[in-house]
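Presented below, as structure tokens, is a lone chain in the form predicted alone.
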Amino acid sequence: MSIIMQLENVSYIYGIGSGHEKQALKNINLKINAGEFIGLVGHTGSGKSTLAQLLNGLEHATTGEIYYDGRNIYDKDYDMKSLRGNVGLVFQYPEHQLFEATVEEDVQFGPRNLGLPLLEVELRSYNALKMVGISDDLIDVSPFVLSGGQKRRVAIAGVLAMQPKLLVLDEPMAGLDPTGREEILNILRNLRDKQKITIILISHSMEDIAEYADRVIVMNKGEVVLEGEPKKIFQFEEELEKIGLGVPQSTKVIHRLRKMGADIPYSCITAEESAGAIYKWLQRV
């Protein structure tokens, strides 16, 4: 896999010179590969959201370097507008940022600001709405009459209309019911599989991370403390619990059964995998 983004010795301190400095990130070194689906996890205040804003250029690292597609984004001649077009950022509760009169106009806002021709703006916006499953009959209605899940999808479409190569989402399922959560997660999977967009998903749901992520990055107190495939990371149940996290419920069951002597592999992390492994074990015993 080619590297789409790289962080070298990145630190960030809030409020420098104010007398109330707070270090949000400490010496972060990461490589993000094109086409990955990354789960970024950590308790509140661990630095996840700050990291997301650095990737998009909304914040500037106090120390260290960040490279996008091989170029240092802190070079004097680097086009930060281009970076924000290539690295899309979806905030928590993104529907709160909807403001235009119609769904279509809201989604067109980003590409219009890129100075694109009107036809290109319209084409990008229409395609983005199709990607997130918004039907034609909703394109000309006010976004404020939509359901919570529909508003969330429209907000994501507004970022997708910029045609980012890397999409960073900060708790995009917050406040949604189970159906809405599943819809958003399936959209993200399709974006990675069909559109080849690299995804970084910030989430507190270990079940979602286990089901969708290729790689997990665990943060604590501004540092990366664990990194690897979900099957590897979720073996560290005690370590994750010590920093206020945990493992998927199905994984917890597997770990308890193993302590009781069950011959079940640690690699089972989703409910489907765990149920199948338990069934096979019961057949043997």
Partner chain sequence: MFIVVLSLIELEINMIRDITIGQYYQTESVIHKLDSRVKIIATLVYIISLFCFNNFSGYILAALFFLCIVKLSKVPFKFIVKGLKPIMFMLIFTAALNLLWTPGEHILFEAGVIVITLEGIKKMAFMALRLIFLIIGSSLMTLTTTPNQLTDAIEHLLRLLNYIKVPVHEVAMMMSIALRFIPILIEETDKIMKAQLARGADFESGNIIHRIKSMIPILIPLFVSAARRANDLALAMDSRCYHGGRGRTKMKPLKYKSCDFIAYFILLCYIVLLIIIRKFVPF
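Residue numbers count along the first chain shown, from 1. Everything quoted here is computed from the prediction, not taken from an experiment.
The same protein also has a form predicted together with its partner chain, omitted here; what follows describes it.
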Considering non-hydrogen atoms and a 4.5 Å limit, which listed residue (Val121, Leu89, Leu185, Ile73) is close to its partner chain in the predicted complex? Leu89
What is the one choice in Leu138, Leu176, Leu98, Ile197 with a heavy atom within 4.5 Å of its partner chain in the predicted complex? Leu98
Go through 233-241, 55-63, 34-42, 254-262 and give me the stretch that gets within 4.5 Å of its partner chain in the predicted complex, heavy atoms only. 55-63
Residue-level contact is defined here as any heavy atom of the residue lying within 4.5 Å of its partner chain in the predicted complex; does Phe144 satisfy this criterion? yes
So, in the predicted complex, is Gly110 in contact with its partner chain at a 4.5 angstroms heavy atom limit? yes
How about Arg189: is it within 4.5 Å of its partner chain in the predicted complex, going by heavy atoms? no
Does at least one non-hydrogen atom of Met131 fall within 4.5 angstroms of its partner chain in the predicted complex? no
